[in-house]
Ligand SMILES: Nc1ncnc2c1ncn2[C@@H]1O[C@H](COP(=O)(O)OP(=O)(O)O)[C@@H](O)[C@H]1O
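So this first bit is one chain, no partners, the form predicted on its own, shown in structure tokens.
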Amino acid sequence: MILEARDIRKLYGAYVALDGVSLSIREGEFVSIIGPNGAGKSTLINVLTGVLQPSGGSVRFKGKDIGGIGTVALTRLGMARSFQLVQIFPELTVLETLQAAVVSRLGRGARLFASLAGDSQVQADALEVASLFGLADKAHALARELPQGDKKLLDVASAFALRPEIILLDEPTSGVSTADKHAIMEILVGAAKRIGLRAIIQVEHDMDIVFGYSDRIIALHQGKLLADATPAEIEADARVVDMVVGRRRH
């Protein structure tokens, strides 16, 4: 197992956000986490990526306990999470946005902007990722002026620029057209194979994307694990369809 969570509980005062959730991610898997609003998806993501310390249970990545260690330490271990750099640095170009992620990976953050233009390794790495995601011809465009589909690609690409072994994507296709959603997923999956990514975890609302790309689906409901199964098994489970998936596919 690359990533394993055992009996995770997360309390906010008296409110139970996660109640005994266990899961494991194996080599080569694409796993989607689904559930209605308030199911605990965001809390689970924050626990899995070391942002939140669980109130109970443990999270282990490559055999190390990562509860609450934070995203910087986790990146060094080899797990990355997509983060909306376009919103954080709206005045950067596509290339500069990717360079910022590369600089972070190389531990050169203290001289972030000074090192963007003059560092040939940073430049080469960023250009390689831009090419991987079909963004090379837009390298010098301002990130905030990109079409929404390209902004989402850039968000995902910035996580890939960290060269992780496992990547966690939060709504990678939200806010884009149906045609763009599938284009983004095809590029993402192709890039993952080319860089040798060991696993992908995504939180996603779009059930076409979830069922079209996942090896396994984890369904949450009211902070509990409702199901952890293949897409075919999820579709055949009337309780999960009623509570989480909806009738769209039937």
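Predicted model only: the values in this text are computed from it and were never measured. For every residue, the number given is its place in the sequence shown, counted from 1.
Another form, the form predicted in complex with this ligand, is not on view; read the next lines as being about it.
Using a 4.5 angstroms threshold between heavy atoms, Thr43 counts as touching this ligand in the predicted bound form. At a distance threshold of 4.5 angstroms between non-hydrogen atoms, Ala39 is in contact with this ligand in the predicted bound form. Heavy atoms of Ala17 reach within 4.5 Å of this ligand in the predicted bound form, making it an interface residue. Contact with this ligand, judged by heavy atoms within 4.5 Å in the predicted bound form, is confined among 31-39, 187-195, 62-70, 210-218 to 31-39.
In this stretch, 219-237, not one residue has a heavy atom within 4.5 Å of this ligand in the predicted bound form; the partner itself is omitted from this view.
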